[in-house]
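One chain comes next, on its own, written out as structure tokens in the form predicted on its own.
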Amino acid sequence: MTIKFILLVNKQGQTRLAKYTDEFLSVDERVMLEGEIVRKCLSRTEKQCSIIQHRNYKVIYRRYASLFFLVGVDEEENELAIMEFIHCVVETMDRYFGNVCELDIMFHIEKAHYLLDEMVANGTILDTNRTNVLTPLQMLDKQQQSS
């Protein structure tokens, strides 16, 4: 599995979290790519498919409440596996934040990145077990509270 990027975007098209594993994209190219993809995804109706083709990426997205979770992958990637991965990310964030919302991401961006880093490395899904993903973060929280 090769995930090229993960974006969390609100309904207004503002990126709240971006994680790239494609090191060949410059910052300017990333900003331009985000704008194009977000406009494409937000302009689609709920009855349309949640998979789009953009440049050399296949973009799979889902909307949960006010957030869109977008994942860009290689052409030959399994769309259903990525849809399941998105759902797993949302469930993991829900368990940690307690019904994740845009404000949780904005005020705890480092924790959201940490969760994704525990699940994905170099574009490969490492772990989808919520307990395994959340344990290090919960231990870190306990350590911060005790100090």
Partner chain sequence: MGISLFQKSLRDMISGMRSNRNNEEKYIQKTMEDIKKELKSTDMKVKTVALQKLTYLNMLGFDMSWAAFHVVEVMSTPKLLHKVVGYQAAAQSFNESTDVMLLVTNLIKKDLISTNPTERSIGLDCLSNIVTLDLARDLIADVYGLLSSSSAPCRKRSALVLYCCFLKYPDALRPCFKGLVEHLEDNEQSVVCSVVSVLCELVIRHPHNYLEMAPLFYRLLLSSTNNWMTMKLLKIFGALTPLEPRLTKKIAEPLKGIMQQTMAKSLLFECITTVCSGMTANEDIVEMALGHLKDFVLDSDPNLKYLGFKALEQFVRHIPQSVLRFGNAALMCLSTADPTIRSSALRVISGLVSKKDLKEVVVRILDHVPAADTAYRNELSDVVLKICRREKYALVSDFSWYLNVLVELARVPGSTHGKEIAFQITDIACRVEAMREDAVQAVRTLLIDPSVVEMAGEGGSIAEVLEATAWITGEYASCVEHPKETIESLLQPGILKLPCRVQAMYVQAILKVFVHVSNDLLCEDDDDNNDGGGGEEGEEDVEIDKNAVVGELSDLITAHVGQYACSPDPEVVERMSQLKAVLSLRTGDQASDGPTYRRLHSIISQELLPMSGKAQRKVPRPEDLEVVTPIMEEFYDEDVDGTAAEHEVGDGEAADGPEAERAAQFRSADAAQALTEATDEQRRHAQEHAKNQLKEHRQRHGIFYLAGEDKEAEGGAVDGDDGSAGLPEQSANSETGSADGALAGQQGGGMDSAYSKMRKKKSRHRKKSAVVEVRRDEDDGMAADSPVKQARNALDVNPLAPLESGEGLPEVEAYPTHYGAGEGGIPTYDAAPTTAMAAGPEADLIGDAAPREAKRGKEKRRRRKHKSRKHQQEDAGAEAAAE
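Quick caveat: nothing in here was measured; it's all calculated off a predicted structure. Residue numbers count along the first chain shown, from 1.
Not pictured, yet referred to below: the form predicted in complex with the partner chain.
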A18: heavy atom within 4.5 Å of the partner chain in the model of the complex? yes
Please determine whether L134 contacts the partner chain in the model of the complex, using a 4.5 Å cut-off between heavy atoms. no
So in the model of the complex, is the partner chain close enough to E91 to count as touching (4.5 Å, heavy atoms)? no
N122 within 4.5 Å of the partner chain in the model of the complex, heavy atoms: yes
Though the partner is not shown here, which residues of 68 to 84 have a heavy atom within 4.5 Å of the partner chain in the model of the complex? E76, E77, N78, E79, L80, A81, M83, E84
